[in-house]
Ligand code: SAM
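Here's a solo chain for you in structure tokens, the form predicted on its own.
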């Protein structure tokens, strides 16, 4: 990902971002930061970029011409997403950081003085963003805050890949208290539960402390969290059929669009999927009407939408009213025990940086073996099993949270590689406090047998995937 910062103080931006995590990410080529000096594009012979505002008033205003030419220098004829940092913008949030992190390039425009001529803002800016209800001397500090928050969501930037999964605002909860050595400091001891070694008790303690903190400090977030928690409880009566919706809410990846008891519709932000379940056709119609309203308001990006539904009548109505196209029927399997599974083959590593040729090789293997076309770019993380230093198989964690992309090379089969890969990923997800699950094509007998062998429970009903007509 590359950031282009349009600024009057490029050294300020580059100097601050050259340190710590962001600096290391720049050195590794994981992100790029270009600071473009707006002053270098002025046509005024003394280098001025500002002038008095028409109509009078205090202060000076940045002129349109140098800002526009600096923008054109970066974008050429392209239309890049461009953020203007201003107190009048939408409040910056973790959700917004996640959205911006999906862009390949992002332009950040830093104002100064009393702001920038409105005409150039109308022409080039796509997003107006504020980092708080206060005024700074310029947009540079705000731009650096955004770059820091967005960069840490780019794959590979954080050394500990789990850091971004459980932290402040991850699931509408503030982060729990944390402790390190020494055990006793100023007469205060580390809570005993954190020394117990019982992962379930530790997780419960941390959740309770997060809930307390959020309730007291951020009642707005806590109210939203309680709605999601109630939805999860309503769905838990049929956990195997609804685990994909429950985990999307639990992991903080989805927003509630509709909730009426066990009639629930959520939007999975990270992969643009709408997940739906309804108890009867009448409730389904009410849900689809709510969806139409959300689409008309732009709350849900229709062109990016996939649909995952649990009932035939919902699938039929989506085809009739939204021209959605059926893409497959799946059984859902989930691992509900908390005990980790044995992993026979120990040399399993997270894969990164293998490039398009690596992905093409595995996708071609899937196609050759009749598994069907699979897009590895939809994987949030890939893990490979090595036999004698050779990559023998891989498994992925989809951006929707489910396990998938499991494949073992023909020469390495019947050696327990597939079981080791899935058990490894199940254990990782258990450590994160997740309930591991996967969706298996209804006719894939070997894959279904593997789930039963590992102790996963299969759903009684089927899930249907449908694709939006414009996606």
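Positions refer to the first chain, counted from 1. Computed from a predicted structure; not experimentally measured.
The following text describes the form predicted together with this ligand, which does not appear among the structures shown.
**Student:** Find out whether any non-hydrogen atom of residue 253 is located within 4.5 angstroms of this ligand in the predicted complex, and reply yes or no.
**Tutor:** No - in the predicted complex, heavy atoms of residue 253 and this ligand never come within 4.5 Å of each other.
**Student:** Is the gap between residue 88 and this ligand in the predicted complex 4.5 Å or less for some heavy atom pair?
**Tutor:** Residue-level check for residue 88: yes, a contact with this ligand.
**Student:** Report yes if any heavy atom of residue 113 sits within 4.5 Å of a heavy atom of this ligand in the predicted complex; otherwise report no.
**Tutor:** Yes - in the predicted complex, heavy atoms of residue 113 and this ligand come within 4.5 Å of each other.
**Student:** Is there a heavy atom of residue 263 no more than 4.5 Å from a heavy atom of this ligand in the predicted complex?
**Tutor:** Answer no; every heavy atom of residue 263 is more than 4.5 Å from this ligand in the predicted complex.
**Student:** Only one of 245, 142, 125, 331 has a non-hydrogen atom within 4.5 angstroms of this ligand in the predicted complex; which is it?
**Tutor:** Result of the distance check: 142.
**Student:** Identify which of 178, 137, 236, 321 has a heavy atom within 4.5 Å of this ligand in the predicted complex; exactly one of them does.
**Tutor:** Exactly one listed residue reaches within 4.5 Å, namely 137.
**Student:** Report the stretch among 290-298, 188-196, 255-263, 80-88 that approaches this ligand in the predicted complex to within 4.5 Å, counting heavy atoms only.
**Tutor:** So the stretch in question is 80-88.
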